[in-house]
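Before any questions on binding or motion, here is one chain by itself as structure tokens, the form predicted on its own.
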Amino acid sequence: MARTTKPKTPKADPLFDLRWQRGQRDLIGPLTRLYGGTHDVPAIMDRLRTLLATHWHDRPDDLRALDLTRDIDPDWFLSQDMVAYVFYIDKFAGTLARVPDHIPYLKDLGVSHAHFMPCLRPRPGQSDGGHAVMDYRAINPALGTMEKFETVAKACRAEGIDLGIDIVLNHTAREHEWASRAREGDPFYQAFYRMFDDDTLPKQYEKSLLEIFPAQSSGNFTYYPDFKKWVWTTFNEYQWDLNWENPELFLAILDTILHLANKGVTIFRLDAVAFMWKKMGTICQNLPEVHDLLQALVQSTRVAAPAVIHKAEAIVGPADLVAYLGTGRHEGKVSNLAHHNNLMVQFWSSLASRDTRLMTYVMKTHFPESFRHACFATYIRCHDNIGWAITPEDANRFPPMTDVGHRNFLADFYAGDFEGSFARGEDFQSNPEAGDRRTVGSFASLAGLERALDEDDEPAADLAIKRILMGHALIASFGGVPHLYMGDEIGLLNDYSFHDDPDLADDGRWMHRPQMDWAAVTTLPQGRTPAARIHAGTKAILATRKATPQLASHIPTKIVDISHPGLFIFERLSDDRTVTCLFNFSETDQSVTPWALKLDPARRYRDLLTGAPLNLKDGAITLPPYASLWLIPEG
């Protein structure tokens, strides 16, 4: 909402009035804490109500109908039916116009939520994978138009598939209209950004800040001689950090979110949320005000577009992650979903070490068994790098392990530099001073399939496929909405061609963003290729999840610690029957007694994944290499 925009007063609507009465109870608190010391909060609330009413008035009829359905069942996204599939439009379909051609493929796989990686208009040239947005209300011209986007959204909704996109909250591209006006000297838009007349404050802030992309963008501030200002640029020089202390910015971003919601977006991935608020003397991540901002954005959206949910992209340590799903006064009021990057990290850690004790401890100690009106987005890898979030407090519980030593081991292992490693990946954004080395690579390549195929090693390929399917079984059962990243269901390998593109070459993450192999898809029913085996196994896992209400995301997940280094175990504590899930993180058989799992000796059990009854060997449950078991009592 620019200062020249004045929303027209919409007609009275009793349904909107009811939603506003409900919503304002959860809005007045965070807005007062954020802006009460410097601004007129009642005036902000009046403007907010008008803004929300305007977008509700403009909302298409079919989306209003979906709003009503989800108002009645606000926890709809916690169903075991939810499965997300994440892709770059050009990599998956070429253009927006061709996305509907592949809806049958998504439905056959079991997908309920298609997430388009950045598709809003980016700056030309380097754009941080599309996260440097210069126009939030236009689609990347290389992909299509906003009109085509609306058409695709309707086609997806007609087939029961929600559509999600990224909305970048920490920064815009320096070419954004707001930034251009700020650069021209307009004080209204300069207040949308973190700008400084000299480097006195930037130098003070820099003392406690971390570097996000040290290899390509050192420091956190950039000086622009043409308009004599220092600008906060956390990620890259071409990405200008926004000033969320300004309520005008809050209203402008919310206006944009609701505009896109009326175009058919029902799930917003809120990018880089951890960085939104700044405070001297801190690393300017995960500050309490971030959660007030999230509550204000989420609860405002719920008034004008109740069909919409929000997913927080907060790639942070265990101690900070839980708050993004609501704790204390924010419980049940902030993000509906949050990426469970710690589950991802611990999966890869246990796979490399063949030891699940750290994973069991971290998952049991740092995370509650369930959340109110929220859940995790579970995943094995994503479009980004893997940051090895191993803390000293956690690592030191398992001597001789240390946090630095284990992080270096994992980086070496998944770069393929550790003796005996099965992985093919690369380091990303190494920072020797901070001891930070991150990892990039596709699921299949990190799991060993690329190396096995190159070496024509059939037994190694078989183990790699089992690792992949175990990962899919883990995220489908752990509790939350499983997120599959395009190509992981057919074992796509690293794509090294990005080195030849000057706009991509300095960003190693493009290595695990390959083109979809539709030729391989056409051969899936015809054989026992790795792609066919992975696809069939993944499809069966997701179908079993959907048929198992005990795996819905509102069901608590209880970690079971029996000090078994080869197995990761948890229970899904449904009111009717508990499902016990076991995963073997090694290439050798692992056994456990029913007594250790406290299974009822008077009941029969079967494995949901195979449908077979539980058979004991010498009185023990034996899991073959990289096997998964979902045990449920009969009857």
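All residue numbers are counted from 1 along the displayed sequence. Since this is a predicted model, take the numbers as computed values, not measurements.
Note that the form predicted together with a small molecule isn't included here; everything after this is about it.
At 4.5 Å by heavy atoms, is each residue in 478, 554 and 572 next to the small molecule in the predicted complex?
Not a single residue of the candidate spot has a heavy atom within 4.5 Å of the small molecule in the predicted complex.
Given that the small molecule is left out here, which of 213, 205, 76, 498 has a heavy atom within 4.5 Å of it in the predicted complex?
Answer to the contact question: 213.
Heavy atom within 4.5 Å of the small molecule in the predicted complex: which of 355, 150, 384, 436?
Exactly one residue meets the criterion: 384.
Within 4.5 Å, heavy atoms only: does residue 271 come near the small molecule in the predicted complex?
Within the cut-off, so yes.
Mark residue 509 yes when one of its heavy atoms lies within 4.5 Å of a heavy atom of the small molecule in the predicted complex, and no otherwise.
Because a heavy atom of residue 509 falls inside 4.5 Å of the small molecule in the predicted complex, the answer is yes.
So in the predicted complex, is the small molecule close enough to residue 313 to count as touching (4.5 Å, heavy atoms)?
Yes, residue 313 lies within 4.5 Å of the small molecule in the predicted complex.
Hey, in the predicted complex, is residue 488 touching the small molecule, heavy atoms inside 4.5 Å?
Heavy-atom contact with the small molecule at 4.5 Å: absent for residue 488.
For the interface check, one of 242-250, 539-547, 342-350, 123-131 should have non-hydrogen atoms within 4.5 Å of the small molecule in the predicted complex; which one?
Checking each option against the 4.5 Å cut-off leaves 123-131.
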